[in-house]
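As a starting point, one isolated chain is supplied in C-alpha cells, in the form predicted on its own.
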C-alpha cells in the first residue's frame, strides 16, 4: 500500500495490533523507496519526512509504529545520494519486518515456559505476542484453558477466540465486566503491549489495567508480552504517552443519547509497573525495573525527534 492507504487502514482499524502496524509502516516506506524516482536527495528527504509524519500521526499511542518508522529510516539523513538512500531504506524495511516476526516467535517460546501444564490463562484484546505464548504452550503438549475478554468496543476478543479455537485450544469468550468474577479461576494473565515506558509501565488496550488490578487482588501473576521495539525512549525524557481517543460513534448510535451527554472513548490505558510481574521480550523475561537497560541497548544510537 502507499502512504495514504496505509494511514487510512491504520486509522480505520483495518490494520491493528502494535506489531502489525509497525510492520505495515516499515513495508510502506520500503515500497515508497522502491516505487518512486527522485531527481535529488533533497526532494527525496522532503517526501520521506512527510511520509514519516503521516504514518506516525495515524496511531500516536503505539510507540511500536514510531520505532518501526525510525528503524526503517535509520541512517537515512547521512546518505548523500538517492541511490544510496533508496537501498538503505529498502534494506532497513526488510530487516525490521524480519526481526519483528522473529521476535514474536521467540517471545512465544520464552513465554510458554511460564505457562504450567493444566494452567488457566486470561488474555485481553488480540496480542500476537501473548497469543504466540499460549499457542506455543499448547503445541508443546500442555493442557490449557483460556478466558479471552470481548475487548469492547472493537471486540478484538472475537479474533482471539477464533484464532485459539483454530489451534484446538479450550477457549471461552467473556464480557469485559466479568473479569473480576472469572479471575478466581485463573492461574496466569498474559496480555500484549502497545507501549512500554522507561519506568516499566505498560500502555495497552483499554481495560488492561482492570485485569491487572483484579489479578493483583487475586494473587494471580500478570505477565506482559511485547517486543523490545515497543519500549518508548521518549518516556525517558519526560514525554507523556498520548492516550488516543476515538469517535463516539463506536460507543453509541446517532440519536441514542441527548446532546447534553458526553462520551469518553479512550483506546488505551496505563498499567503501573507495580502490578506487572514480568515482561516477556525476545531478549528474555525481564522485570519492569529492567526496561531502562533494554532501552539503552536497543535505542542508544538512535536520535529521536
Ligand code: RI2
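Residue numbers count along the first chain shown, from 1. Please read these numbers as outputs of a predicted model, since none were measured by experiment.
Below, we refer to the form predicted together with this ligand, which is not included among the displayed structures.
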* To do: State the residue from 125, 134, 122, 231 whose non-hydrogen atoms include one within 4.5 Å of this ligand in the predicted complex.
  => 125
* Spot the stretch among 135-143, 69-77, 172-180, 198-206 with residues whose non-hydrogen atoms come within 4.5 Å of this ligand in the predicted complex. => 198-206
* Asked: Contact between residue 156 and this ligand in the predicted complex at 4.5 Å, heavy atoms?
  -> yes
* Decide whether residue 211 counts as a contact residue for this ligand in the predicted complex under a heavy atom distance cut-off of 4.5 Å. => no
* Report whether the minimum heavy atom distance between residue 296 and this ligand in the predicted complex is within 4.5 Å. => no
* Asked: If you check in the predicted complex, is residue 9 within 4.5 Å of this ligand, heavy atoms only?
  -> no
